[in-house]
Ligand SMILES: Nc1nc2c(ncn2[C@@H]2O[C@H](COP(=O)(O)OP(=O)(O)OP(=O)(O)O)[C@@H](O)[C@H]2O)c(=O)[nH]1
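Just the one chain here, laid out as structure tokens, in the form predicted on its own.
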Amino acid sequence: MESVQIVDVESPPEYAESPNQQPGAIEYGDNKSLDSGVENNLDNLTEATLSEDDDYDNGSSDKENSVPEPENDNKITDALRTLKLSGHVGFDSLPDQLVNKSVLSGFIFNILCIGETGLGKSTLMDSLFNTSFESTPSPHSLPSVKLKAHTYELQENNVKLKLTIVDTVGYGDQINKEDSFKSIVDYIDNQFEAYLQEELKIKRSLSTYHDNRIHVCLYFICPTGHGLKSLDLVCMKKLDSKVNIIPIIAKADTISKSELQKFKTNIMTELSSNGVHIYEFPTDDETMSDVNAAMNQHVPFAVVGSTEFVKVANKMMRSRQYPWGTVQVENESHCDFVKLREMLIRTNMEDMREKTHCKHYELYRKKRLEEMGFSDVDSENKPMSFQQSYENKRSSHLAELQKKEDEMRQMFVVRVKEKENELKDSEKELHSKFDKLKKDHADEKKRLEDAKKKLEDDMMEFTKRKQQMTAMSGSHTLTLGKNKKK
């Protein structure tokens, strides 16, 4: 992390320390019902806080300030009165206390710079904050868009600012630019999700949490002089509900003044016709309404950035030197850089932070909580507390789990029965095979026994004949011997 100290000439004056005074508070009763006891308490409170010289009729006041009873017990109606203080209390120092606390804790501001490589995003950041962030140039050969975030700690007149600059590296360099905006949308949603998870924790530490939600998106438009590219329209349309978009014409010194005015008109016409909502500087504050209303007419700002200083009229000015002349960055007749810096940093920075939290983050939070099953109203469109919503979600979740358990149990029973039937069929098949084998074995055994018996009979017959032949051969031999003797 890099620490840079910036000293601006037009920095705001320091706030004086507030005097040590004990803050006072007036505590009002809760008018749930208008019984006599509550009326007496209110009368006593009024008498204690009002001066004796004030003309106040208790009887008529009770009738005039009486509040009708609510229709049901769930509704609570508070009766508000404007009371006069008899002396100095001290709660008029609350703005000073808030300022001192804010200055002590510091501020956070996150900027997202979207634009093609080489449009001067880093140079403009250096010019806006009057410092050098020492960023490295990006190549044109990246296969996809990558987002790089760098956080810096700046200090000006005891006011600390933790600045995060997110650069879209490789934006618009691909042949297929269809998904160039997807990584940017995912990054913004991831920062919202991280803050939401921190907010939903039981033990939260939001006071020390580093808020990375994008407060403003500076969209750098290529100075073609004709109009917006389809990629610009698609990307801004995807982001206008998630971040405050301020379109900027980069390198405005490459276009003539007449072409620049037509270019601005074409850009605003295309944005309006395509339903792209850009950030408008607020006009509800009377002190700044005229200035912001006039500045809304200059959008998109045509800016020029430079890291070089050129001596102009015995003064070093941030400028760009050309053979035909010098373009002064802080000269309003040359570009809108001063208008952008005035609106972005010096006038509407807090409004952008507030709008990010109260509008864009609330929209994301509402969507995510609805996806989780939480709602502010029930099925009859009646208000419902977060606890009731949680209980309903828990009941429906338990019912769904019970239903799934019953389905799984029933499925288990069906599968067990199917397996039992399968095992029974297998057992029957095995028994039938066993019986067949047993029968075949008995037949084979009988056949072998018959063959054995026949063989034994043949052997006996053979032995008998052999003996007969032996006997006959012996008698024939004796007869031949007697004949020879004779």
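Predicted model, so just to flag it, every value in this text is computed and none were measured. Residue positions are given as counts along the sequence shown, with the first one as 1.
Keep in mind that the form predicted in complex with this ligand is not shown, yet the notes after this line are about it.
Heavy atoms within 4.5 Å of this ligand in the predicted complex belong, among the stretches 395-403, 339-347, 194-202, 303-311, to residues of 303-311. Contact with this ligand in the predicted complex, defined as a heavy atom within 4.5 Å, holds for exactly one of Ser389, Asn331, Ser122, Thr283, namely Ser122.
The partner is absent here, but in the predicted complex a heavy atom of Lys251, alone among His215, Lys264, His360, Lys251, sits within 4.5 Å of this ligand.
In the predicted complex, at least one heavy atom of Arg320 sits within 4.5 Å of this ligand. Shown alone here, Gly118 lies within 4.5 Å of this ligand in the predicted complex, counting heavy atoms only. Taking the partner from elsewhere, Pro143 is found to have every heavy atom lying beyond 4.5 Å of this ligand in the predicted complex.
A residue is said to contact a partner when one of its heavy atoms sits within 4.5 Å of a partner heavy atom; Pro137 meets this definition for this ligand in the predicted complex. Residues are counted as partner-facing when one of their heavy atoms sits within 4.5 Å of this ligand in the predicted complex; in 157-191 only Asp167 qualifies.
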